[in-house]
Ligand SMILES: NC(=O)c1ccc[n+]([C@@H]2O[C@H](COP(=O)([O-])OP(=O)(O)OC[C@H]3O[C@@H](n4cnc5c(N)ncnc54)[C@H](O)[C@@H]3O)[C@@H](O)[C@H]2O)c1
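Take a look at this one chain, the form predicted alone, written out in structure tokens.
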């Protein structure tokens, strides 16, 4: 394909060389005549492993060129990739000035172009930016989105020092668009790469860079806090984290990465508190670890707020234990929510097939007696009855028996804390805690 790349800095230069190496003809565009001259002389605009050789080879093969003329580049290509910088302020707001300036340049060129054109944004942008770019291009060009042109978000995940290797061996290739043919066209650029190509919604793609990098920062900070605790105890923290990373079922896996209800049970709250106490007693500051339970409490309060708006209606809770398949009520977020709502005078019934009040013993019984002493008067032994006698249904555990019952519950309001089943999303009265 013929591709134009706007911005010949770090991402733009790497993309220019690597796309050309994969067999495409690439035109680089930049306001800097110096950068344009460097590319046209077969020289890279950045210092990065392997890119200088790639630019030199591809220039000799006549697969790349550069220009300051945006109109010329757009008219001779079918895809324009925007790679300009989006610097952030001290408060984290992005400066999108360069993005919008490139969008204007592309729009002016599209005035004179009849062929369909795809604009892909590689720069880091906030969700909603692609729509603003499309609106600007429509206004300035007189062309119509998804008729004359389409917008695609194609975030990059390149690390300085290993950018070329990252380009050719990405964990995945992400493409967001509301135009299927445009998304497929951009996907063609990466068909030679070994990774999965994921096509998704625009705003999902736009936010992913922030999610990824914030999590990477969290991992580093978490690892350092564990290291600080271990240092005070004379423990080799690298051995600790090496073993931690060997668990691919839970520790390094998708298992816990499901936005939804707060955590509970006997282990997570107890052990987290234990680690916090250990650090406190040794005067080791661990702000990340210390904030975990605060975030959990915020999620519980979010749920209470969502449900309490229907406080004048009969509330039916499906699931009381901290997760499906257990009768453990200790630190169950559902218990905390019900306790708070009872205190606000709400009318409540509860169904949980795993809970038999007469069989509760030990700390489990002590916990529930302290939170909801008259629990037995709220419990029903039939899920359908709990649904039929309630106006608002709150799903707290992922029990499969709930799915067919909820699909036939009429116009009752459903509030889902656990994303029980995606088929329920079609219900007009359905709300999820995080979706």
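All values derive from a computational prediction rather than experimental measurement. Residue numbers count along the first chain shown, from 1.
What comes next is about the form predicted together with the named molecule, which does not appear here.
Scanning 296, 266, 86, 336 against the named molecule in the model of the complex with a 4.5 Å heavy atom cut-off leaves one residue, 86. The contact residue chosen from 415, 11, 420, 18 relative to the named molecule in the model of the complex is 11, the criterion being a non-hydrogen atom within 4.5 angstroms. None of 281-289, 171-179, 158-166, 141-149 except one has non-hydrogen atoms within 4.5 angstroms of the named molecule in the model of the complex; the exception is 158-166.
Proximity of residue 129 to the named molecule in the model of the complex falls outside the 4.5 Å heavy atom cutoff. In the model of the complex, the named molecule sits within 4.5 Å of a heavy atom belonging to residue 98. Contact annotation for residue 209: at least one heavy atom lies within 4.5 Å of the named molecule in the model of the complex. The closest heavy atom approach of residue 124 to the named molecule in the model of the complex falls within 4.5 Å.
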